[in-house]
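For reference, the chain that follows is the form predicted on its own, supplied as structure tokens.
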Amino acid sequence: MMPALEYRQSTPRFLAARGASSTRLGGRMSGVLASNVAPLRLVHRAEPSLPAGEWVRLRPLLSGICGSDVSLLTGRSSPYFGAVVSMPFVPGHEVVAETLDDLPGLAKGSRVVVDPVLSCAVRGGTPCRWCVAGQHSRCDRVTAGRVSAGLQTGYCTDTGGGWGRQMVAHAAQLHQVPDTLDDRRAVLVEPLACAVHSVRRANVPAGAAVLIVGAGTVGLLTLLALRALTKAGPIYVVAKHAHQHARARELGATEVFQPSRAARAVRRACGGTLEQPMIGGDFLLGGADVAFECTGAGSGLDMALRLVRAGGTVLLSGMPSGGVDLTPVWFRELNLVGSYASSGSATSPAAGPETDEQGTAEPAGGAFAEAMALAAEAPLDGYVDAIYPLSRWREALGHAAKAGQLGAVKVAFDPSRN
């Protein structure tokens, strides 16, 4: 038996958290909702079994708390996902871990980061068209195969997750961490791989004016990937907190704006006219060429749609929640692009570059290889500055829910600590 945080199915608790978080007061109490209303509890449960060959047991060293985790626990995530998870599950998909078994080419005791997508290579059987193409984040078989339904590790009852003392993963999910990369940087590799993928999906033209809405983990890592992998022109960032302004400038932001003045600041920087409807936020006739929505909030997407020029692109990096007025997509003929997890893998059939319908090139080695290199080189010291044992899970979730206000970027669990 091992300690783990376990999420159980409870529609009344999910709806209670969802209803409360939809109010202004509830929105300010996300940490309280996540730790007291959500059906999450610290339990002792059996260690997960190895489903088949090429699977290995892992001992998580650090496991991050993602914004999508907080969204789930506060009921803000969409019920849409209910069909592609299996309960009860142990959350935690941003994981750096130590292997407890030998694999070919990967000795017991190796440090690895986990690509959480539970795709065809993991599940066995005939691979779907997307996995054949190396775009496993689009896998059509996340409810089939040798393990229970689950879009990712951390949402599947059979695999366990990083918020437990032990989990299992398939060889195709593992990327060995070099000795020169410490655990605090390594736990950022998964969200950084997602940022790399979103930047590839946006296909940013050289010299384009880019707007990033949000400067939490997703926004900052997206900025890092944009500066490293594209020839984007000016990059403007919308950020609430002073430490986010400083980090964004350090990563190469051209200017950083407060949300309250973003519309006027983007108009000044990119051109256009500012329009003020009777109801709702201001919008531009003009604006940035490309916008990345990195908050996952309806208000963030609403801002991105209103500040992009006609024919521009808005990319959804954050997991969306809340209703949004899509009129700008229609009126300004915008391109709305989704970006989920990452694609390409060192062990996938797509060893070489693959191209999707948008002309997005995924490099050999996949987004994880690029993320690993960026994590080693970028100024990311201090990004993981709050680490909790599982026993202090309520405090950890409260910290993660208010990370921006508290001056933090990434909050993580160390499941080995008591």
Partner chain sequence: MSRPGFVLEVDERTPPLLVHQGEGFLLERFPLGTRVVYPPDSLPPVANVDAAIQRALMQPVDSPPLPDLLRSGMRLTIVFDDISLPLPQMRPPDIRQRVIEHVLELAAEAGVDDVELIAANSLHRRMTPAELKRIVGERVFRAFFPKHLRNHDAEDPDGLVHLGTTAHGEDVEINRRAAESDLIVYANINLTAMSGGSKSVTVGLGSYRSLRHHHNVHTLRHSRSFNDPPNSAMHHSYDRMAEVLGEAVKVFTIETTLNLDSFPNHVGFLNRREWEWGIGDQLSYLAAKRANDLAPPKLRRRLWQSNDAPYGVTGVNAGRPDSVHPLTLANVHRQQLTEVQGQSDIGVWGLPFICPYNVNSIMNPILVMSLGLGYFFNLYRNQPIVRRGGVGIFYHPMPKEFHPVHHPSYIDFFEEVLPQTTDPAAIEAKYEQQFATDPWYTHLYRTSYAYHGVHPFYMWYWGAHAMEHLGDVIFVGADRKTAAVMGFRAASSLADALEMARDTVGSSPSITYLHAPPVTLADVR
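Residue numbers count along the first chain shown, from 1. Given the structure is predicted, the values throughout are model-derived calculations rather than measurements.
FYI, the form predicted in complex with its partner chain isn't displayed, but the following is about it.
*Asks:* Can you work out which of R129, K231, R268, R146 has a heavy atom no more than 4.5 Å from its partner chain in the predicted bound form?
*Replies:* So the residue touching its partner chain in the predicted bound form, by this definition, is R268.
*Asks:* Out of G272, G281, G322, G252, which one falls within 4.5 Å of its partner chain in the predicted bound form, going by heavy atoms?
*Replies:* Only one listed residue qualifies here, and that residue is G272.
*Asks:* Answer for R261 alone: is it within 4.5 Å of its partner chain in the predicted bound form, judged on heavy atom distances?
*Replies:* Taking the distances in the predicted bound form, the answer for R261 is yes, it comes within 4.5 Å of its partner chain.
*Asks:* Just one of 97-105, 83-91, 273-281, 138-146 has residues with a heavy atom within 4.5 Å of its partner chain in the predicted bound form, so point it out.
*Replies:* The contacting stretch here is 273-281.
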